[in-house]
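One chain follows as structure tokens, the form predicted on its own.
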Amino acid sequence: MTRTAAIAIAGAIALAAGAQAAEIRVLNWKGYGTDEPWAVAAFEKATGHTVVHDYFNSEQEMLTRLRTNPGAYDVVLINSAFTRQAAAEGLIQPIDTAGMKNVADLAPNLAGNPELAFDGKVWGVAWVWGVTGIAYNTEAMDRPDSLEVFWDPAMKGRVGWRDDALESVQFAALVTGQSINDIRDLDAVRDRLARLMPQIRVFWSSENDWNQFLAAGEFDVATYWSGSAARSKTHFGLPVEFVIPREGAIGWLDGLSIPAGSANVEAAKAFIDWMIDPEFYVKWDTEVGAPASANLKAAAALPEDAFNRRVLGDPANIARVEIMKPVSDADRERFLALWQELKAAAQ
């Protein structure tokens, strides 16, 4: 029996017993898994619940929506670096994972990540994780293995770079031998980023930007997200490969949380459980392209040549990934001021 069939039977029993079908409101990035039409349709058919999506364009916008619309959402996607803040502000509630069958198959280090599970409670169910590293055009250049490729004179005017202050500072920290979570020499970071500016051909801010720039030949090598690189290759047929550089890469973990004030907690838990189900994930990854799953069974069910087994399943690669921790408002302001100053000077 497939998991979808099992959900259908369970949903039918629950509805027959008098349970009320619910409208689940989900807050997420647009096009990020939870709104895949086939996945939503399967869940709705199986449970009788309906799913409505709303979207944000930044973590700060996500937090603002939760603050200004209490009780409006039932499931929210939160990067682990922001989960503690959301909990501290009373924007999300602890999740009782009892009865969520797929939770048992989550990688222990991800399910128990201290930014998702703390104070003896689960505030976010580990969903997917990934890496921000190097992606390059396989038709334009050989495989790089170092962040130094962005400073290579041969790459002048051929670099794509995400217009993000924190990420820029973190990459410069890595190339100067520092931890992304403990940046002590900001002068070295400033120097590296100042030297980077002449190398950059275009700044990108979204996956759509990145794909269009690569397809148009605007850059040969760029910073990028691992899951998006997989999607660019699988779904859009672009000549892309992803690299975790030898200096390290920026790791991130996304969890699914339940906002405070949700009136549909049980339905929300059912939806989250479906989102971490191997049946959903394997189709998402192989047909669309996805980040790596936190579910070990889901990862093991991928084809052997799948990106998320071949690249992110390599222990040597994983050892070089540092998961982002929360960043203070003061540091964010410092990094933003530095980034804006350098961009203005380069114009």
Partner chain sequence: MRGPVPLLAPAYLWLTLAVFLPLSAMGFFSLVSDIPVGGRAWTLTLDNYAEFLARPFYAQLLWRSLELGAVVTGLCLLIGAPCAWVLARTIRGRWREALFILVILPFWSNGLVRVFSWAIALRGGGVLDWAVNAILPWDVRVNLMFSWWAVVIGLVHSYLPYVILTGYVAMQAIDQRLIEAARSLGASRRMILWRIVLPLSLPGLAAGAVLVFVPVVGSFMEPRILGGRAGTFFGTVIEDQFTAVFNWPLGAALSFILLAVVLAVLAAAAPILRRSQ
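Everything numeric in this text was worked out from a predicted model, so none of it was measured. Residue numbers count along the first chain shown, from 1.
Beyond the structure shown, there is the form predicted in complex with its partner chain, which is absent from this document and is the topic of what follows.
Proximity of Ala107 to its partner chain in the predicted complex falls outside the 4.5 Å heavy atom cutoff. Using a 4.5 Å cutoff between non-hydrogen atoms, Glu167 does not count as a contact of its partner chain in the predicted complex. With a 4.5 Å cutoff on heavy atoms, Asn79 does not count as touching its partner chain in the predicted complex; it lies far away. None of the heavy atoms of Asn181 is located within 4.5 Å of its partner chain in the predicted complex. No residue of the trio Thr138, Asp145 and Asn317 has any heavy atom within 4.5 Å of its partner chain in the predicted complex. The stretch from 130 to 138, 212 to 220, 255 to 263, 238 to 246 that comes within 4.5 Å of its partner chain in the predicted complex, counting heavy atoms only, is 212 to 220. Site annotation in the predicted complex: the residue of Thr176, Gln93, Gln85, Thr234 reaching within 4.5 Å of its partner chain with a heavy atom is Gln85. Residues of 162 to 179 that come within 4.5 Å of its partner chain in the predicted complex, judged by any heavy atom, reduce to Asp163 alone.
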